[in-house]
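Listed next as structure tokens is one chain, alone, in the form predicted alone.
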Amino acid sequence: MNRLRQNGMSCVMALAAVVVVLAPTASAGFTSVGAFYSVSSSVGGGNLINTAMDTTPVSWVNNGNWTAPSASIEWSNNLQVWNQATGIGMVNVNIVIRNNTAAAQDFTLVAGMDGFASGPFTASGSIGGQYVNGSATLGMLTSSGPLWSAIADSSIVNTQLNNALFFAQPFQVVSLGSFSFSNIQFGGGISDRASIAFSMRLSPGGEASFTSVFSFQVIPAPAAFALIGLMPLVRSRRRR
């Protein structure tokens, strides 16, 4: 009898051991390899300098500028973060663009976080800013197409301030408002860069400042359960 009980317990333990539960697992995290900044302008070539400082093991701060004759772009406290544990990445851009020339000028800035990640993702972001007319004539801030874009590699995830048109009286400040988006899904992963792009035209004496964020999070894979059914135990009984 004791041997039969021991055999029965062994069968239960063996069957229990083949019940496997696979917990949700996130896709491979974003592996950052550095910060990216690119500036082009109708003013001509300029000098770009960026200084990055690690603030935590998963984030760093960028401060820098681009200077050309009578025009400049400055960025300060630009954060770029990737957290492997949470699967969340973020590019935060704070910039000031100045045109001190006597003519309207075009500016394009791309600020990003270089690296790669496996998707799919859900994205969110926001942008807000103001325009200052430092001239004695009517000032304009315009864009042909989106003024602001959130980009994964070369794919546009979202745009804001499309075909922007703002006027400002001499020496006046105009709010550009605040805009945001959330829960936009995109897949395919990121093989090169997550970035924010600005593209605009400033009239003479114009200054534009912006604060914006592009964040994305890996969508965890669904929970998978591999369950092997327990077969009924057949107990042997002695017949008297």
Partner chain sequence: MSKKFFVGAMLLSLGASAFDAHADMMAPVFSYSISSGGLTVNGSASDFGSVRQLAPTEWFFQGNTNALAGTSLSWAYLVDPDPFITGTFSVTNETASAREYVINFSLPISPSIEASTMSGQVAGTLTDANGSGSALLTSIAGGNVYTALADELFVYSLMSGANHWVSNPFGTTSFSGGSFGQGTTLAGPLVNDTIGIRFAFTLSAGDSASFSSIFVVNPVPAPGVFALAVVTGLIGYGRRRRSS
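Please read these numbers as outputs of a predicted model, since none were measured by experiment. Residue numbers count along the first chain shown, from 1.
The same protein also exists as the form predicted in complex with its partner chain; that form is not shown, yet it is the one meant from here on.
Within 4.5 Å of its partner chain in the predicted bound form, a heavy atom is found for not a single one of Pro120, Pro146 and Pro220. Of the residues given (Thr137, Asn77, Asn163, Ser155), Asn77 alone sits with a heavy atom within 4.5 Å of its partner chain in the predicted bound form. Screening Asn63, Gln185, Ser59, Ser191 for any heavy atom within 4.5 Å of its partner chain in the predicted bound form leaves a single hit, Asn63.
Heavy atoms within 4.5 Å of its partner chain in the predicted bound form are found in exactly one of 104 to 112, 137 to 145, 155 to 163, 77 to 85, that being 77 to 85. The shortest heavy atom separation between Met90 and its partner chain in the predicted bound form is within 4.5 Å. Within 4.5 Å of any heavy atom of its partner chain in the predicted bound form lies no heavy atom of Gly34. Among heavy atoms of Ser215, some come within 4.5 Å of its partner chain in the predicted bound form. Heavy atoms of Gly44 never reach within 4.5 Å of its partner chain in the predicted bound form, leaving it off the interface. Taking its partner chain as it sits in the predicted bound form, the stretch 170 to 186 comes within 4.5 angstroms of it through a non-hydrogen atom at Phe171, Gln172, Val173, Ser175, Gly177, Ser178, Ser180.
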